[in-house]
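First, one chain by itself in structure tokens, the form predicted alone.
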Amino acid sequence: MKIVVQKYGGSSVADKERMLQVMEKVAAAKDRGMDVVVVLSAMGRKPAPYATDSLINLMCEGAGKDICLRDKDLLMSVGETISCVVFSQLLRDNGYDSVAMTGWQAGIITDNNFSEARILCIDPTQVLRYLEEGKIPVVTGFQGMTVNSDVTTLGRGGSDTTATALGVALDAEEVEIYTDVDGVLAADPRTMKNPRQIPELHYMEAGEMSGEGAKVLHKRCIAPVEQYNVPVWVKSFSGTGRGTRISDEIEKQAFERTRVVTSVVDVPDVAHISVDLIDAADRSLTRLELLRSFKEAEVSLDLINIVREKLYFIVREEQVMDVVGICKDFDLPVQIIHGCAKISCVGIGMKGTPGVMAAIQEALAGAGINILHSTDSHITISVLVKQEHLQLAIDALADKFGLRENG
């Protein structure tokens, strides 16, 4: 059995006309001799009545902060269920035997972290049985069930993770993710003019890009396929281009010679925080307790750096007052730089390549931009700049590393 998992986003199933286009892609895969499993998001985007945000508004508008996340997940799961039932019937109307399945009917078991659940395991028995019967399973994305039978959702964009996790569980030949863009781009087209489309990505690059804030893929969707080496295609729903293939098969010479930096990912609206622990009686213990307090308050820290008596990090602007309040409880002085943006340069070609940070510094200094803070890993270098310089910085890096089409 040669299986392909195809995932379609909300705009791809917004109306019957688009669903017919999805059906054509499913039929084309069947014609290639593939057994197809379809994963769908909710129909359309707000204000469409069954879009996820529209459903959330039914519960949350005027409700304040006292929202039951368990019930919210149950409500949000309805959108994907509607998509799958409608599309499955369309397939049957056109001669394709099909069956709609919820995430839990497809065997997806998660933890109980409502609204951001993680998949613990998948029992693909029922999906495989339907495939053996010649049916096309149409599975709800974005959702699963706990061992206590509570419905969960995987976080916004989680249908991507449904698709890749199912691809692994079913030992699929590949996973195809259809989006609004023709593959993965070197940068967000809203901040970089004419970014080039990337034909091949390594799993590590795709994972880093998603983790640093790129919106094209869900942040947790790469880990399952990387572990089991299932190729992923990111393609345009309406375009005719080749798309982007994500695997571990990139030729070493290609990326070392021509692709040190593969992409640039930006995250605006962050603040730089400096916490002074110089007067703390026990700096190590105070730092530990402070970090634990941030965790308990669900404050997400990034670009963390510890230098002697200082703790540096960035947070989203909306969490700055939470940080200030916690530091006040510890009687610790805080310095804040508002109005910042994080820029991450990602590329597997960085491994073992000297001078990448120097090249980034050269590009930004040449544009008159000061780096406020930086961190790095083996394939990612992140820098913090003032938000007013974001566009200029992106342009400088695009020119430095050839990230534009024909650039």
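The first residue of the shown sequence is 1; numbering continues from there. Given the structure is predicted, the values throughout are model-derived calculations rather than measurements.
Although it is not shown, the form predicted in complex with a small molecule is what the next lines describe.
Asks: Is residue 188 near the small molecule? Define near as a heavy atom within 4.5 Å, in the predicted bound form.
Replies: Taking the distances in the predicted bound form, the answer for residue 188 is yes, it comes within 4.5 Å of the small molecule.
Asks: Taking any heavy atom pair closer than or equal to 4.5 Å as contact, tell me whether residue 180 reaches the small molecule in the predicted bound form.
Replies: Output for residue 180 is yes: heavy atoms within 4.5 Å of the small molecule.
Asks: Within a 4.5 Å heavy atom cut-off, is residue 163 in contact with the small molecule in the predicted bound form?
Replies: No.
Asks: Going by a heavy atom distance of 4.5 Å, is residue 287 a contact of the small molecule in the predicted bound form?
Replies: No, no contact at 4.5 Å.
Asks: Out of 222, 169, 261, 216, which one falls within 4.5 Å of the small molecule in the predicted bound form, going by heavy atoms?
Replies: Partner contact (heavy atom, 4.5 Å) among the options: 216.
Asks: Within 4.5 Å, heavy atoms only, which of 138, 209, 108, 232 is in contact with the small molecule in the predicted bound form?
Replies: Checking each option against the small molecule in the predicted bound form, the one that comes within 4.5 Å is 209.
Asks: Since the chain is shown here on its own, which stretch among 379-387, 392-400, 20-28, 6-14 would lie within 4.5 Å of the small molecule in the predicted bound form, judged by heavy atoms?
Replies: Comparing against the small molecule in the predicted bound form, the contact stretch is 6-14.
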